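In the form predicted alone, a lone chain appears below as structure tokens.
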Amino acid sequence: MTDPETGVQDAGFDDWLDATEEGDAYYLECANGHGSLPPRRVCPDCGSTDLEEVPLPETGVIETFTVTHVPTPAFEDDAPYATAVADFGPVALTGQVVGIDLDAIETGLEVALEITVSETTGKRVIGFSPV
């Protein structure tokens, strides 16, 4: 993530966040069909270095989640919040669930990917909003 004090970017990840904000979310796929998220230069499953950007499915499904009521200081202003792992087909993403009452979150909930901002740090984070 971009360091707010120095402006230094995390090249692969910040590029992915930018693309996602512009509606062009993607994942990396090797010739063997393994999916991963940037930044990557090598497939984590087979070691292939031939990676192609492929559009990420528009929606995913929450596979598991947890609600944090007592956070670390890095997220104290965000609490309470829900963190979930969502299956987007070839890849699974971890992010904060937004735009829904915490009591309404459940496994199997269909979500869309969005980039949101942490209230504590002001940095961009991966978010999921219900479809």
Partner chain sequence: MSNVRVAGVGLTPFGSTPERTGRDLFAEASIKAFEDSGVPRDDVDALLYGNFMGELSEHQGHQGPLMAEAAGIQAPATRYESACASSGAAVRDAVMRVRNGEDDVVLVGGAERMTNLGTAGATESLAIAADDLWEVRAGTTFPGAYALMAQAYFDEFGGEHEDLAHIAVKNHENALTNDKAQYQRAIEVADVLEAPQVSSPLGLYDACPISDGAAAVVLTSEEYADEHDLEAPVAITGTGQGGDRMALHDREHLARSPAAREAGAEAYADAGVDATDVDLAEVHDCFTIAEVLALEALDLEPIGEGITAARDGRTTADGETPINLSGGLKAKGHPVGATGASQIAEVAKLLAGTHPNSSAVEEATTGVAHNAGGTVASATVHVLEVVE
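Residue numbers count along the first chain shown, from 1. Values in this document were obtained by computation on a predicted structure and should not be read as measured data.
Absent from the display: the form predicted together with the partner chain. The rest refers to it.
Q: Looking at the partner-bound form in the predicted bound form, is residue 66 within 4.5 Å of the partner chain by any heavy atom?
A: Output for residue 66 is yes: heavy atoms within 4.5 Å of the partner chain.
Q: Can you work out whether residue 100 and the partner chain are in contact in the predicted bound form, taking contact to mean some heavy atom pair no more than 4.5 Å apart?
A: Flag for residue 100 set to no.
Q: Would residue 93 show up as a contact with the partner chain in the predicted bound form if we use heavy atoms at 4.5 Å?
A: Answer yes; at least one heavy atom of residue 93 falls within 4.5 Å of the partner chain in the predicted bound form.
Q: Spell out, yes or no, whether the shortest heavy atom distance between residue 37 and the partner chain in the predicted bound form is within 4.5 Å.
A: Yes, contact at 4.5 Å.
Q: Determine the residues of 54-86 with a heavy atom within 4.5 Å of the partner chain in the predicted bound form and present them in sequence order; the list may be empty.
A: Contacts from 54-86: 63, 64, 65, 66, 67, 68, 69, 70, 71, 72, 73, 75, 81, 83, 84, 85.
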